[in-house]
Ligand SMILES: Cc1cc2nc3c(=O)[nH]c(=O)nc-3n(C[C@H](O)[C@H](O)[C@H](O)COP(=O)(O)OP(=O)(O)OC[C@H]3O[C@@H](n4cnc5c(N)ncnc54)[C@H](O)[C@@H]3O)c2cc1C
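Take a look at this one chain, the form predicted on its own, written out in structure tokens.
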């Protein structure tokens, strides 16, 4: 069977969930061959094998940590040349999309970004995308070269499918461009204890209706009861109530969780563009005419300061 390259997103050997989702999608079109680079790369093999990787190509070198992006592209190109895959799958993060674009240019192939589904086709893999703020669904395939496809987090289930996961060293020759941008320092990000916004299965967001930074504690309490990430609308971020890193929308982050709860968010197109592909959408807003109600699965017309605490209390009671 043809092989599919899957670029592994990991932190010191701990594989992040979007990579495991890619392995599920890769099995639809071929046999997954994982490519793990950087510190702890060899330590990813066990988890990758559990989720379907028939082989794990690893490369560890200081260049992966000391310089930005290009060394990783060099490694993925070396894997492409060695394997001749039917497709290359990359997580759809900011870095992932840059890696995919650079690789596609190098190997003379087409690239598809932000896919939400993938299936086998007679002329190559067919990717499904949500376009124009999720107003349209498109199905596309690359017509030249090896398809390079980035996939949004939460687009596929994580499914165990034990495979050999044989670890093989990947020989990488770094290009002249690899050392062009050097990392001078790193500052650890403060952990909130909540899941990463773009990877979370549940997201609870607050908007203009929250009416102040101090009131986001209501949103955070509901999120914590559900084990969810906290998001914010552009209006809330622009007002300084919540950090930009949590903004959901066209100029923020795009999320596609299993459950999205919007509290005090009107539903402007700017916000909808970042969350409209969520599997189940719940809105809480005291304005019955708010545009957000046009796309929800469940809507509550009411004061969020009454509804959200009651919801939090009920969730905690059922957990207990």
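Residue numbers count along the first chain shown, from 1. Bear in mind that the values here come from a model prediction, so they are computed numbers and not experimental data.
One more form of this protein exists, namely the form predicted together with this ligand; it is left out here, but the text below deals with it.
Answer range among 57 to 65, 29 to 37, 263 to 271, 44 to 52 for contact with this ligand, defined in the predicted complex as heavy atoms within 4.5 Å: Every other range fails; the passing one is 263 to 271.
Site test, 198, 223 and 255 vs this ligand in the predicted complex, non-hydrogen atom cutoff 4.5 Å: No, none of 198, 223 and 255 comes within 4.5 Å of this ligand in the predicted complex.
Touches this ligand in the predicted complex: residue 175 (any heavy atom, 4.5 Å): So residue 175 does not count as contacting this ligand.
4.5 angstroms heavy atom contact with this ligand in the predicted complex for residue 280: Residue 280: no, not in contact with this ligand in the predicted complex.
4.5 Å heavy atom contact, residue 192 and this ligand in the predicted complex: Taking the distances in the predicted complex, the answer for residue 192 is no, it never comes within 4.5 Å of this ligand.
Contact test in the predicted complex: residue 20 vs this ligand, heavy atoms, 4.5 Å: No.
Proximity to this ligand in the predicted complex, single hit among 141, 102, 80, 208 (heavy atom within 4.5 Å): Spelling it out, the residue with a heavy atom inside the cut-off is 208.
Any residue of 271 to 290 that, in the predicted complex, places a heavy atom within 4.5 Å of this ligand: Read in sequence order, the residues that approach this ligand (within 4.5 Å, in the predicted complex) are 271, 284, 285, 286, 287, 290.
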